[in-house]
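One chain comes next, on its own, written out as structure tokens in the form predicted on its own.
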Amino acid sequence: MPLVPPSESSDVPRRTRPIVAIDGPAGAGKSTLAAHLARRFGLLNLETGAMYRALALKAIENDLDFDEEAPLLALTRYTTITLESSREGNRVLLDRSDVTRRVREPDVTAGASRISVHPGVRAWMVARQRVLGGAGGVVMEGRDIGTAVFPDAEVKIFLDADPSVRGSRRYQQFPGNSPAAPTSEAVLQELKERDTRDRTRADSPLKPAVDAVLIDSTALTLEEVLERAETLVEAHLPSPLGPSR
């Protein structure tokens, strides 16, 4: 079912099911963890980072400067971003066009990081994210879900790893035979620059919520990360949501 944020004047639905908030830096594995928990507990998986990527893509298409906030805010006035959540992941629609693949490309990902530092852009996004997840029953992952979007989320996880490990994971996602694939050094450098932007921005900097549980996956296998997160969700949810392995 398409999830389209209504206008700011619409009432946010009353929450009936819990929210699982997963925050952390780029390359930590948030998307993988969120998708797993959504399947495991029958929750909707809402990848909020895809919304920033979609707006960055529209900025690219309109030849806008990522560092200029005013034109980006003007762009939001005629922008519709739709997430269609499914077991396979989010389908991303930008003004009704499917941009799911395009928003994963490096230029869009880099642009999303740069537009996300603007307070007005973040406020626009946060308002929509609160509507999308307001009724509960969702896993939301991003940079500030547990601190700014849903500080009252029932479960908060901060997923982290050493930058070299995250850079290696990102590098391995590029096809080995692609002539456009960056070097491992370039991937690590871009990740470190993004970390700096995310952690030092004035509005909603990347940091764990005071009541978030930190999972450092540097020396953990994927299975160990999933197990720890499942335990946290099971311990904090008031009742089982029905596993769907």
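For clarity, every value in this text was computed on a predicted model and none was experimentally measured. One-based numbering along the sequence shown.
Although not depicted, the form predicted together with ligand DC is the subject of the following passage.
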Could you tell me which stretch in 94 to 102, 154 to 162, 141 to 149, 68 to 76 has residues with non-hydrogen atoms within 4.5 Å of ligand DC in the predicted complex? 141 to 149
In the predicted complex, do 166, 168 and 217 all reach within 4.5 Å of ligand DC through at least one heavy atom apiece? no
Is there a non-hydrogen atom of residue 50 within 4.5 angstroms of a non-hydrogen atom of ligand DC in the predicted complex? yes
Just checking whether residue 90 would be counted as a contact of ligand DC in the predicted complex - the rule being heavy atoms within 4.5 angstroms. no
Looking in the predicted complex, any heavy atom of residue 112 within 4.5 Å of ligand DC? yes
May I ask you to state whether residue 128 is within 4.5 Å of ligand DC in the predicted complex, using heavy atom distances? no
Scan 193 to 223 and write down, in order along the chain, each residue with a heavy atom lying within 4.5 Å of ligand DC in the predicted complex. 194, 198, 201
